[in-house]
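Next up is one chain by itself, shown in structure tokens, the form predicted alone.
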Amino acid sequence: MPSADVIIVGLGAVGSAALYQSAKHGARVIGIDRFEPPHQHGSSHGDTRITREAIGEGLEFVPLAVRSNQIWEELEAATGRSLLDRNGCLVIAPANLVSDHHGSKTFLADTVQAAHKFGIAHEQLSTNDIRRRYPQFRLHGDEAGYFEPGAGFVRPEACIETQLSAARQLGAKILTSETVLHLQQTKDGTVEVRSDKDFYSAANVIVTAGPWINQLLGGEYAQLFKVYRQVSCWFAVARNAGEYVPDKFPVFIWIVGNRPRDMMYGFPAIDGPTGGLKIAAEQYDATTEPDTVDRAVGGDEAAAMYAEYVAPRFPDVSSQLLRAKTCLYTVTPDAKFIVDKFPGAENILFSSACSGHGFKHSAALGEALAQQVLEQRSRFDLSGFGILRFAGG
């Protein structure tokens, strides 16, 4: 059996980072993915992902987001690729709204609290402030805003490609179109990995299988991960198209009501005025499975999104759908990550997919996972993401 110091199962956002960081630390490392990453079957595609450093989902995420941005910038400097655009992020919500979004009852206030605690540059805006600065938004009059100038977006496919390429240059072996079927820790402590093509062994295995985590973890733990199909749409800009490019229009998160589905978000026209605006909401009504999910987006779905979320708030954006994509959220009961060992297997570490807000943390999380299995000092304590928090432990 081919042997390695570390095997990474799943090479999406976190897995590609863990592979790169393991190779960077001198480990013999193998990465295995059932597709050819970057791909569009999981949660790490769609041209853009929001990055912000004041995290309303919890203070524990802030150091991961800050470090991830540093890693993106280090990779940009080393490769010349464009990975991170800090064009600013605007969070909008009714000033006194109490709701449940990504595990936070008061997302806007929690974001402001995180910015104050960690000294993150920001501005708090009134409805009139937002109207004057960003007339592209049609407000109702009861909104408050948070603007973080150092936030923006990352390009997920480019980030994954760059980390995989760097890992390969450092000696990592990458196996694609290969599905891991079973993991087992032996009596001598090594881990045997069986795929649909071969057998492997390693001193340690990191599982970052995204929505496929249930198929490998199984048992009683599988109930902790629910997979939801999400839709992103690119709508054409009918008027004032030049006002929607990145230097004039921020990334945004707009909480428009107290239902979980009422967190909408979007991006500037990153491909120029004719590229359209990517806008999405979130749904938690129906679960799915990654191997059987409907990946086609129907015209009725796009029309419903436009009518409910876009038309009342973006007067310059037309109903013309340029394209649409689906992605998957793998959500835990508290909308945070789970990072822990496989039951009875000290040398198999897993990180769950990230409840719909993970890409901004992925570079640092991959670094921390690599450091943990290689027994190196890490700047992050991941124990707070352990699985025992769901058992009162």
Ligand SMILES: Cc1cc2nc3c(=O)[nH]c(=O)nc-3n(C[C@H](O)[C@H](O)[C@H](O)COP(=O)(O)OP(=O)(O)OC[C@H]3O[C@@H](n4cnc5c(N)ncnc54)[C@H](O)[C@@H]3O)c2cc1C
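The first residue of the sequence shown is number 1, and the count goes up from there. Quick caveat: nothing in here was measured; it's all calculated off a predicted structure.
The same protein has a further form, the form predicted together with this ligand, not shown here; the description that follows concerns it.
Not displayed here, this ligand is kept clear of I338 by more than 4.5 Å at the level of heavy atoms in the predicted bound form. Residue contact check for G358: one or more of its heavy atoms lie within 4.5 Å of this ligand in the predicted bound form.
Heavy atoms of P268 never reach within 4.5 Å of this ligand in the predicted bound form, leaving it off the interface. Within 4.5 Å of any heavy atom of this ligand in the predicted bound form lies no heavy atom of N204.
Heavy atoms within 4.5 Å of this ligand in the predicted bound form belong, among the stretches 91-99, 226-234, 314-322, 120-128, to residues of 226-234. Screening L349, L64, L328, I30 for any heavy atom within 4.5 Å of this ligand in the predicted bound form leaves a single hit, L328. Of the residues in 189-226, those that come within 4.5 Å of this ligand in the predicted bound form through at least one heavy atom are, in sequence order, T208, A209, G210, P211, W212, L216.
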